[in-house]
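Below you'll find only one chain, the form predicted on its own, shown as structure tokens.
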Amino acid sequence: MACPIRGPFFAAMPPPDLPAPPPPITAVSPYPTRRRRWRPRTLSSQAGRPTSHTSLPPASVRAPLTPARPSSGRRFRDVVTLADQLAEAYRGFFIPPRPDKNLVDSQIMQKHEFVGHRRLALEKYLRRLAEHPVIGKSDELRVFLQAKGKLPLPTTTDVASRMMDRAVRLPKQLFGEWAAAQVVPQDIVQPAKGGRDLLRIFKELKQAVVNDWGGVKPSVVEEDKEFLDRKEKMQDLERQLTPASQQAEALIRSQQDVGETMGGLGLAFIKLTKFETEETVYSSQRIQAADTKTVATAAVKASRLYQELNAHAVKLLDTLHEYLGLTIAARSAFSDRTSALLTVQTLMSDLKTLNTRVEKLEAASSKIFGGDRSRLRKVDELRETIRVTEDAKSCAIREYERIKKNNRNELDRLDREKHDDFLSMLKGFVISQVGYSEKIASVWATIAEETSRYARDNN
């Protein structure tokens, strides 16, 4: 049996005309803008997957591939479906992780705030998908953004049908029914845990235990030293980005505190100015009230400058969160590679076991004059199973090589973009910090010059 031709789920649909892309939207940052809304994003919160598919009121998700920027009414479960389709069709790619459901946030925040926050997170997620060189051109993403009404769901995403098929097939497989025990090449290109074959799941689990604890080297192992070195570097990058992201959040909080303190100071001076203006008796009091108003205006201006500085820092330092999410996507892509290799190892082990059984049956049948018909019939069934398993093994090897190629291309792309992105982030951060520090210093220098007579009078 020939290996099935892989392709996107919507390959049979005519591709829609794609207009020119719009100008990029402003990136949504995980950093705080107000103290009461700040929720630090950690690695575990990004990696979490929602366990509930409770629907929300349809959120307006902007389509980044159309110039008029129309909105597409989608529920969160539609986003979950899109993410599952992409993970199934594009194994080995660094697919941006989708936003989680944030059930705790939905209980804490107001309804309109929660829906708005999720809409912005989904816009950012879709923007990342559209910017990917491969996924951005996928039919799955185009259909999600442009199709009207309910999304067409592939049968492989029906969890209930999968569980029913697994439960029905397992007894037949265990008791040796030939048709049920066969490996289907069309299913072998997908990971075992997402398929309909419980027996395959158990076999691959057994193979994984044998690889780790059996002391027997598998017939096929991961020998790409360059890949293993780059995988280790990705793990090092993740370990470095986690504390760097936390430090960036601490910096944002401190700048926000300074800005709020300046704003509170300015408000206090404004109240003092109002009181002194209303209660003034002498001309010296009016002069002091005017000077107090000048200080209040400077404090408010400095507070606004700190807010602008914080907004720039949030936008620039969001690169750290971007790459932290990318390390999660890389981990998932490497897991696809490991799963595909385990499938190849399991099939080769099955072939070895089947060939051994055929040899034993033929040897036993040869000892009987005229042959044992039941054993010969069993040999014929086993030979057919071997043929189907060989086809499945060829498909699994091709799938493994395809995932290896995808991993290599994604790592090359990451190496090209990482240097430029981090260099741009550092340059922009330094320029903004220096520029706004000079503006804030200029504000206070002006105040110091205007109120210098108080220092001369004291001297």
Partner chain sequence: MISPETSPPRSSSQSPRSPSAAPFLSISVTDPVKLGNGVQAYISYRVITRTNLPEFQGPEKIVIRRYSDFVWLHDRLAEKYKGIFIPPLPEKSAVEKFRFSAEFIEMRRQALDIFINRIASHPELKQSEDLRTFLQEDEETMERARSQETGIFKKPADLIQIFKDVQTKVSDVVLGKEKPVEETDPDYEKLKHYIFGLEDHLAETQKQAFRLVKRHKELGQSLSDFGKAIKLLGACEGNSLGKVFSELGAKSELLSIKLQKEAHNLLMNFEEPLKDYVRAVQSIKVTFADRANAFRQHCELAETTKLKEINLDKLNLMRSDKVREAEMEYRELKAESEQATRRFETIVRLMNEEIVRFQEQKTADMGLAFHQFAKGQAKLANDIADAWRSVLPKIEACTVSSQHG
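Residue numbers count along the first chain shown, from 1. This is a predicted model, so every value here is computed, not measured.
Although it is not shown, the form predicted in complex with its partner chain is what the next lines describe.
- Across the proposed site, Asp236, Leu423 and Ile431 without exception bring a heavy atom within 4.5 Å of its partner chain in the predicted complex.
- When its partner chain is considered in the predicted complex, only one residue from Glu359, Glu384, Asp224, Asp257 comes within 4.5 Å through any heavy atom, namely Asp257.
- Contact with its partner chain in the predicted complex, judged by any heavy atom within 4.5 Å, is made by just one of Leu305, Ala87, Leu351, Leu272: Leu272.
- Stretch-level contact check against its partner chain in the predicted complex with heavy atoms at 4.5 Å: of 338 to 346, 118 to 126, 286 to 294, 77 to 85, the positive one is 286 to 294.
- At a distance threshold of 4.5 angstroms between non-hydrogen atoms, Asn355 is out of contact with its partner chain in the predicted complex.
- At the 4.5 Å threshold, heavy atoms of Ala250 reach its partner chain in the predicted complex.
- Heavy atoms of Asp229 never reach within 4.5 Å of its partner chain in the predicted complex, leaving it off the interface.
- For the chain shown alone, Gln240 is a contact residue for its partner chain in the predicted complex, at least one non-hydrogen atom being within 4.5 angstroms.
- Residues from 261 to 277 that approach its partner chain in the predicted complex with a non-hydrogen atom closer than or equal to 4.5 Å are Thr261, Met262, Gly264, Leu265, Ala268, Phe269, Lys271, Leu272, Phe275, Glu276, in the order they occur in the chain.
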